[in-house]
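Only one chain is included here, represented as structure tokens and corresponding to the form predicted on its own.
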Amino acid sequence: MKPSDRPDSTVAEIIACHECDTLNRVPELAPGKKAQCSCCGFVLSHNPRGGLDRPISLYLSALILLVLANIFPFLTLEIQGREEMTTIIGASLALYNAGMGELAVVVMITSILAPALLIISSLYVLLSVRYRLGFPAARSTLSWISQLKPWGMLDVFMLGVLVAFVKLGNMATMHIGISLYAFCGLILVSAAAASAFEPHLLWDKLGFPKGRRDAG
């Protein structure tokens, strides 16, 4: 749906395209519809089907999977009859004990802390808007979420695990733990939740002033 196709300009707002800075009038969108920049076609806003219930359910699922991924064994290595079990937190501690403190901190932040903060912050805003709870600092939290997203690197961590599988395949017998399955599910559910999370819709619900708005 192009902004120029709006049915009623009285309910439209002006959004600046994040890609080309073109000002577009964007009407209130029906569920399942999206608005694109009239100049470059960049998606300015969309109203996902299912409203706010869909991202809430997805982020709740992601939170459960995150807990499971961190409390159960991630991987068990069996070498010459000796078994070594590790968790995600245990992997960070092992890196720290091996003298790689900076890498341990990066792994801890990108695979545990940042995803946890992103999920909890998103739920905080979504629940506040959906049930009109009026949580304090909901607007600040929503603004902060966009800054936090680049730090969640679950897929990069998983890529490292796959590389380790290849390298250790001929040296040890590996037993996959519940945590690894939960972590794979977390990657998929988090991606679906991020796709269903629409900041512009939330800004409107939080009473963001009408007028020029950045689409980024």
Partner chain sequence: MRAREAGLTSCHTCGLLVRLPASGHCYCPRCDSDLHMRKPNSLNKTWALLIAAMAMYLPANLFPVMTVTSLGSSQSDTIMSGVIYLLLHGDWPLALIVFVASVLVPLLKMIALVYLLLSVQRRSPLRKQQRIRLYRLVELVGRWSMVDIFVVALLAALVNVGALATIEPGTGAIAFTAVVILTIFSAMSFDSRLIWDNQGEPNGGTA
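Positions refer to the first chain, counted from 1. Note that the rigid core is defined as the largest set of C-alphas that superpose within 1.5 Å between two forms. For clarity, every value in this text was computed on a predicted model and none was experimentally measured.
One more form of this protein exists, namely the form predicted together with the partner chain; it is left out here, but the text below deals with it.
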Interface membership of Arg82, the partner chain in the predicted complex, 4.5 Å heavy atom rule: yes
Close approach of His18 to the partner chain in the predicted complex, 4.5 Å, heavy atom: yes
Under a 4.5 Å heavy atom criterion, is Ala30 part of the interface with the partner chain in the predicted complex? no
Going by a heavy atom distance of 4.5 Å, is Lys167 a contact of the partner chain in the predicted complex? yes
Contact residue in the predicted complex, from Ile178, Leu188, Val163, Val67 (heavy atom within 4.5 Å of the partner chain): Val163
Out of Ala98, Ile120, Ile71, Ala137, which one falls within 4.5 Å of the partner chain in the predicted complex, going by heavy atoms? Ala98
C-alpha of Cys40 moved at least 2 Å between the shown form and the other one on rigid core: yes
